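To begin, one chain is listed below as structure tokens, in the form predicted on its own.
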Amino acid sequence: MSSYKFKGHEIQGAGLGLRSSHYQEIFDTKPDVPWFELLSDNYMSDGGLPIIRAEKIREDYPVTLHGVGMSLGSTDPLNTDYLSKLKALTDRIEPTYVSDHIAWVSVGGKYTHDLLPLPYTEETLHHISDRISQVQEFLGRKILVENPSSYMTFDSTDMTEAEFIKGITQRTDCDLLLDINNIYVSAVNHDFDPYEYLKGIPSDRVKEIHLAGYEKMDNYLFDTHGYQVHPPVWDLYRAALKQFGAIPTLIEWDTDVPSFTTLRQEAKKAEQQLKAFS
């Protein structure tokens, strides 16, 4: 039986990504944040301060786990050591959701520490779907997969990203973590309509939404997660809520992390939008 004081698992409203610079303020003030997202790769240890802090957060809040190490699109064998540590973490923390990315991060056993894009072909769809199914069987639970932000496409691509994502959900029964900022960044970089993209996403599969800030470069947008959410992303978010309903939403801010107060202000903006569609 769980030892957590907070027994609930369901998430709703606008949550925040847990960052080390905010631990003490959260412990001291117990803010009315509805849930926190933990970067699973940071907590895969049997002991030490990170997992102790994660368990302390979990005493009072539901949490989700979001990772970057599955390398679902890679041709490397699935990393069973990584998955074993992730399974141990999920058993220990009891997250509402476990998620990773539609991308690859490893080749020949070497990790790039970057989320690299895939060609959207039938062969790739079969490959990543098989790996997602293997991961779900290993973990004993569904996972959520997140749409990428990208800066290049492949000549061999023969379907849209939305069609590719829909195919993944049909073949694996997984669910979706829909990153609205990623959609907008990729749409600008590759000149497609982000609103048409949304229409291709299966509504019953979207269980969580991410919002973040991008950086405008000379001729492309860069998904840095280091700024407030930009107005066109808020506009696209409202369209997503109209289509999918009041899906639990997370504010991501990973670089140049601001004060906890600033982060909560961004979450309150999302909360206002969620209330309008709930």
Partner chain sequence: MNLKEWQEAFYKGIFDPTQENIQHACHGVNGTENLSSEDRLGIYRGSILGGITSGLTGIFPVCEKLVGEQYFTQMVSGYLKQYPSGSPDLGNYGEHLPAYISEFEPAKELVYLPDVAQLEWLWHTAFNATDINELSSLPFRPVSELAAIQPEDQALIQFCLNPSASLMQSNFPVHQIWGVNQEDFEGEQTVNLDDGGVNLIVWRSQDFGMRIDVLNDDELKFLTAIQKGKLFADIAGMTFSLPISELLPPYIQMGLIAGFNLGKQ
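Everything quoted here is computed from the prediction, not taken from an experiment. Positions refer to the first chain, counted from 1.
One more form of this protein should be noted, the form predicted in complex with its partner chain, which is absent from this view; the next part is about it.
- Think of it this way: in the predicted complex, its partner chain has a heavy atom of just one of 234, 222, 227, 27 within 4.5 Å, and the residue is 222.
- Scanning 79, 170, 90, 133 against its partner chain in the predicted complex with a 4.5 Å heavy atom cut-off leaves one residue, 79.
- Judged by heavy atoms within 4.5 Å of its partner chain in the predicted complex, the contact stretch among the candidates 171-179, 135-143, 193-201, 121-129 is 121-129.
- Contact with its partner chain in the predicted complex, defined as a heavy atom within 4.5 Å, is made by all three of 45, 69 and 109.
- When contacts are judged by a 4.5 Å heavy atom cut-off, residue 34 does not count as touching its partner chain in the predicted complex.
- In the predicted complex, at least one heavy atom of residue 115 sits within 4.5 Å of its partner chain.
- In the predicted complex, residue 150 approaches its partner chain with a heavy atom inside 4.5 Å.
- Taking non-hydrogen atoms only, residue 50 approaches its partner chain to within 4.5 angstroms in the predicted complex.
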